[in-house]
Structures are given as structure tokens and as C-alpha cells.
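Here we start with a single chain on its own, the form predicted alone, put down as C-alpha cells.
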């Protein structure tokens, strides 16, 4: 085995005759457990929607859940359930059902998983049953089949052609009998002279265009439910969401400290609450708890990684099958992943736009801020801003195999980052299909990038 003397001195590799050190584990935030319980309770409640006589809507894309909440319907976010199944390693039966129906594994694995859930739901493999009551049904299939069948669909997808057809696929799966509503989000091309991140005529025009469609969605919901829309409920929900988003943003900013008190993997664990949980005091309390824990860590000089040596950004949707493994792998290399496009530039990330008293335009603006809806120019502007803000050494690009909208622009942004002296690496994986991921590829490329950062530092020293 070849030994790099500098790495040996730093403790990354043993000198001859020495034993390799045991990597210090990542110090994850304890408060994320509160978020996990909130999410688990949400899904458990949804699984009983039919028993309670609730109206159910399946939706995908942007966070329109406050509108659905105010309309008095219960909702399932397609990508969120696909991510949950993958994180629990229970996605297999749903994906196999989707593939058996004719949707190949190159289709968005979020969509393929939800399509499979629709098929399993119709099949009635386990409709709101407990596992021990049906020992003949594989537990993995039970979880994938527990979604309550929808009464209608809402499509709210930005930046993704597959997502914009998702409701039409679902419509066919349910025998072309269920209505659906589609919101169209224009891609922010960024070609006009005044264009940029949240600025320019293109941005303002697109925001008003989306706002007009949200009002139409509300009319659709009133027709489907036979009830007047509860505007006071929407205002209340957006009040709590704005407060939660502000606390989350303040906590994110605290992680610019060296060493960082929390890492990207902690923020990955908190995506579900800010993405689709109802706007309530419990949501505010959760992010207040996270912020307080981070502030206490800063006060006590407690870091997320005991031996932080590198500071990185992670770009791309999370590989939900490998969250824990990836967190441990980066920690083993003393590499603190501080931020990411997926966690830091989406999910109510510009709370100053939210006016709880008149929320629609601010909501429309946030829906356009899906990080896959930007031109490479705007995307690079935002990502390089965060690289400077958090003092990063490089960017890890997750080239998501079945979500090309997430990978679009990555090569251009990588070139922009390299011109700024940042190191970059790519590895291929997927959001919910682990067959596209190879441990050895990430391992070898990560080690190569970190060695290059060491060389770069030695030249500057």
C-alpha cells in the first residue's frame, strides 16, 4: 500500500507500523428527531384519511400544501412519499410494480415509485391494515400500498418535463375518471440583460403569471370540495410557515462558523417538515429547537465533525437510499458538507417574499425558485455566493440518473466554480433507485478531490 506522508502526518493514513485511526463519528443534531416524529405522525394520519371520510388529493412539485390545507383536503406529496420509501429501503415493491406496468427504470424514480404505489393501492394488497394481521403480505409491499386513493390530482411542477406529465399518467392509472389541475411554471431562462436571481422583468412577469394560476387552482378546489376557500386558514398557515422559514434560514447561516456546528445531512433530515408539513405552531417550534441547539453548540464550542478539515457543498437531489452511508463516508474523511442547492436554495428559502395577509404573489415567487427551474447563469450565481459565504473548498455534484432536470447545468456550474479556484467532483446516483449508485466511484473520486485540495493548500502556504 502506498503511503502519502502528508496525509499520514494529518492522521488520514497510518505511518508504517501504525494502525489506522478509527474515524470519529459525525455529531448529528438531536433536534432532527422531533422533525422525524412530526413527519411520521403526518403519514400515519394520512393513511387513515379514507376511514375518516376525508377528501384526498395527490400532488407533486411545488409546496402548494398550504392551499390544500386551507381547502380542507388531505394531501399526499408524490416525491415526498417516494423519498420516504427509499430512505426506509421500502421502495422495491412499488418500483417493481411500476416497471411491470411498462415504465422503465430510466423514468424518474420518484414518479415510478408513486406510479407503483397507485397500482398497489388499486390492487388492495393491504388497505389500512397492520402487518401482523396479514403475515402473508410482505411488509415492504404493505408500506407502499397504504396511500389512500385520491379524489383528484394537482400538478405543480417547475423545471421538469416528466413532472409536468405526472398527473396525466396518474389520470390514466385511475381509469381516466379523476379530475386534475395543472399549474404551469415557466423556466427562468435568464437571457435578458436585466435577468438574474430574483430580479429582472422576466422574474416579475413569471411571478404574476404563476399567481394568476394559483387563484384558478383555488376556484378548482372550491368546485371539487363544494366549499368556499378558507382564506383565513391560508393566512394563518403562511404566518407560521414564514416564521419557521425565517428560523430555518437563521440557523443555516449560523453554520458558516468554523468548525461548523451542523452539516448538510442535518438539513436533509429537516427537508420534509419545511416541504410539506402543515403550517402550525409545531412547525415553528421544531425550527426554533434546531436553531437553539445550534446556538448552544456554538456557545459550547461543539462541532458537527470533531476533526473538520474540508468544507464542501453537495449539489443535486439527495440519494435517499444512502443518506446515512454518505454522511458517514464524508465524516470519515473529515469533510464537512456545509450546504447544498437542494437544502439551501429551495423550500421557502426567501421568506421575506411572504406576506401572510396577502400571500399569493409571495407563494408564486417561491414556487418559481425550485432550484431546477433556473438557468445555469442564475444557478451559478446562487451556488458561488454560498461557496463564498460558507468558506468552501469544493463542490460534490450528484449527477442524478433519473432526474436530468437536477443535473442540467451542473457541468457549466462546475466550470464556473473551477475558475474561482474551487475543486469539483461528480458521481452518479439517483433519488430513489439505488441500483444506479456505486460506493467505489464516490470513494475514489472523493479521495482524489480531497488530495487535490491538499496540494492546492500546500502551494498557497
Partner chain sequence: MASSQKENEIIQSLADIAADPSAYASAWKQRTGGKVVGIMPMNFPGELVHAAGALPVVVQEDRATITLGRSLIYEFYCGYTRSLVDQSATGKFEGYDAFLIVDHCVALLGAIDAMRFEIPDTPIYLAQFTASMDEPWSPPQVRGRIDELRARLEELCGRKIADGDIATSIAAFNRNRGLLRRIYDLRRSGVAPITSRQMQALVKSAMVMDIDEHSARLEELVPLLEARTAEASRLPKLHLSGNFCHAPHPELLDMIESCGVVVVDDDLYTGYRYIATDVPADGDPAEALTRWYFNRNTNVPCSTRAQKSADWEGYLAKAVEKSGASGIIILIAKFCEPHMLYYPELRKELRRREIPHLVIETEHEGLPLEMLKTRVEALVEHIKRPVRSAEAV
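On a predicted model such as this, the values are computed, not experimentally measured, just so you know. Positions refer to the first chain, counted from 1.
A second form of this protein, the form predicted in complex with its partner chain, is not displayed here; the remarks below concern that form.
- Of the candidates 176, 89, 352, 199, 176 is the one whose heavy atoms come within 4.5 Å of its partner chain in the model of the complex; the others do not.
- Checked against its partner chain in the model of the complex, the candidates 402, 69, 32, 55 yield a single residue with a heavy atom inside 4.5 Å, and that residue is 402.
- Contact check at 4.5 Å (heavy atoms) against its partner chain in the model of the complex: none of 50, 281 and 296 pass.
- Residue 263 falls outside the set of residues with a heavy atom inside 4.5 Å of its partner chain in the model of the complex.
- Residue contact check for residue 172: one or more of its heavy atoms lie within 4.5 Å of its partner chain in the model of the complex.
- Although the partner is absent from this view, residue 27 stays clear of its partner chain in the model of the complex, with no non-hydrogen atom inside 4.5 angstroms.
- Using a 4.5 angstroms limit between non-hydrogen atoms, residue 326 is distant from its partner chain in the model of the complex.
- Considering its partner chain in the model of the complex, the lone stretch of 287-295, 185-193, 301-309, 230-238 in range is 185-193 [heavy atom distance within 4.5 Å].
- In the model of the complex, 100, 101, 102, 103, 104 are the residues of 80-105 with at least one heavy atom within 4.5 Å of its partner chain, listed from first to last.
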